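Given as structure tokens, the chain that follows is alone and in the form predicted on its own.
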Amino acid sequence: MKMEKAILASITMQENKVHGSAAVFNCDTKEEMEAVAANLEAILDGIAHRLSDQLYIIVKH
């Protein structure tokens, strides 16, 4: 089975605002969020999208 169009992970500095079944990575700084998003993008073979200054998601298209 091939997974298409799914949110694989969320990266945030506000853990109380992110819920769901995808993995959630909590970070302390904006720089840490950017680094985690870049690494997960490569590891998960997805695309990182910044939804706000405190939230990224990794999406599989």
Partner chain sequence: MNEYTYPIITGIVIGTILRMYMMRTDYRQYPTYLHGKIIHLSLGFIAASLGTIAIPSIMEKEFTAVTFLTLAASQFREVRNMERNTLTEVDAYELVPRGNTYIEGIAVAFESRNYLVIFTSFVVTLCYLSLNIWVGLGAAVVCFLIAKFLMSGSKLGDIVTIEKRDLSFDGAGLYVDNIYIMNIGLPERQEEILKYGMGFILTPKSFSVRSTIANLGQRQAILHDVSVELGVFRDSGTPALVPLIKRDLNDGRIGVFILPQENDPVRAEQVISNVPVLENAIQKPREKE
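Positions refer to the first chain, counted from 1. All figures in this text were calculated on a predicted structure; none of them were measured in a lab.
The form predicted in complex with the partner chain is left out here; the points below concern that form.
The partner chain is not drawn, but in the predicted bound form it has no heavy atom within 4.5 Å of K17. Looking at A48, you'd find a heavy atom of it within 4.5 angstroms of the partner chain in the predicted bound form. Interface membership of V24, defined by any non-hydrogen atom within 4.5 Å of the partner chain in the predicted bound form, is ruled out. Along 21 to 38, these residues reach a heavy atom to within 4.5 Å of the partner chain in the predicted bound form: E34, A37, A38.
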